[in-house]
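For reference, the chain that follows is the form predicted on its own, supplied as structure tokens.
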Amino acid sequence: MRFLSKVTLAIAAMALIIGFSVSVQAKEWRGWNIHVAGYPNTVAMDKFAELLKEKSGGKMTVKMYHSGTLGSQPDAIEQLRIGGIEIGNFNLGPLGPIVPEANVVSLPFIFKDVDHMWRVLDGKAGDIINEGMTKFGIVPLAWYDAGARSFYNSKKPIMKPEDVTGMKVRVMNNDLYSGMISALGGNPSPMAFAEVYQSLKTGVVDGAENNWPSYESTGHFEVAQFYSMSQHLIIPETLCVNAKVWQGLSPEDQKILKEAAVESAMLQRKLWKEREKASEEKVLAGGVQFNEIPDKSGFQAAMKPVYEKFLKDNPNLKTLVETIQNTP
């Protein structure tokens, strides 16, 4: 009887262990996203969750929390690092203060254009950035498009660096961006994004910089009608996973996770291009004066002091910067 009791207990214990293992394996992850419903990233992340469940046969699932409902972007980055959430979609700008390698993409004019950025991320430089992020607990799965930021203002077209001289230009609160405007002879004005429209309208600032969808959706094109295609900042976003979660997966499950992420990125990039085109058409129809900048070499040369200061503070990143610049 005692033997049967021991066997029964052993079986029960084994069942508990197996049951616990299954519950851990089948745990629903939490995914963070700052963007609202209908935004390209939001649609793509929902597709990622759908693909992941389908490809894994329901073994890996993720519940998406959009519109920043799980906290601000800096908070969410820290949550993902420590495992509070498992999946996130972050811009590399806010990741820069944490991951030095990620901060390199915030150097003004480091990319020739958006296509150059993709070639960089798919090459050796991208591998270095990936490794740097992984060291800080964040494993990139795929890259999302966030467009290119260009200058717009209420005064005149910007064709060469001298055209920025004397202009008051709103920038994000980052020393690299303030340094960029100063190097062009302008006056950087860091301020909250919500304050930009009124500041442009009243002349507190002469200009700002952003991508087509932001320029259009905020109504900035109504009060700053000169848009110059400088593409001075091309900062991608990443769909990423907590490093411990990634390392705890089998090679097969890692492959499934990566495939679902890459497929979602292809959808996001397609939707982003459509959104960019629609915004461009809307602002041009609204009377915006648009100009290309065929030669950006003067702008890039003007960034020398910005790069020198950055590399003085981060000498170990010199090879990464040169690798990006030398990528054809």
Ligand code: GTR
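All residue numbers refer to positions in the sequence shown, first residue = 1. Take the two forms, find the largest set of C-alpha atoms that superpose within 1.5 Å, and that set is the rigid core. Predicted model, so just to flag it, every value in this text is computed and none were measured.
Only in words, not in the display: the form predicted in complex with the named molecule, which the text now covers.
Using a 4.5 Å cut-off to the named molecule in the predicted complex, each of I34, N91 and R149 places a heavy atom inside that distance. R170 belongs to the set of residues with a heavy atom inside 4.5 Å of the named molecule in the predicted complex. For Q73, a non-hydrogen atom is located within 4.5 Å of the named molecule in the predicted complex, even though that partner is not displayed. When the named molecule is considered in the predicted complex, S228 lies well away from it, no heavy atom lying within 4.5 Å. By the criterion of a heavy atom within 4.5 Å, N211 is counted among the residues contacting the named molecule in the predicted complex. Comment: 34-42 is the region of 34-42, 257-265, 48-56, 285-293 lying near the named molecule in the predicted complex, near meaning a non-hydrogen atom within 4.5 Å. Using a 4.5 Å cut-off on any heavy atom, the one residue of 223-257 that reaches the named molecule in the predicted complex is E237. Taking 2 Å as the criterion, M191 counts as shifted between this form and the one not shown: its C-alpha moves by at least this amount when the rigid core is aligned. With the core held fixed, Y177 shows a CA shift of 2 Å or greater between this form and the one not shown. Once you line up the core between this form and the one not shown, the Cα of S150 ends up 2 Å or more from where it was.
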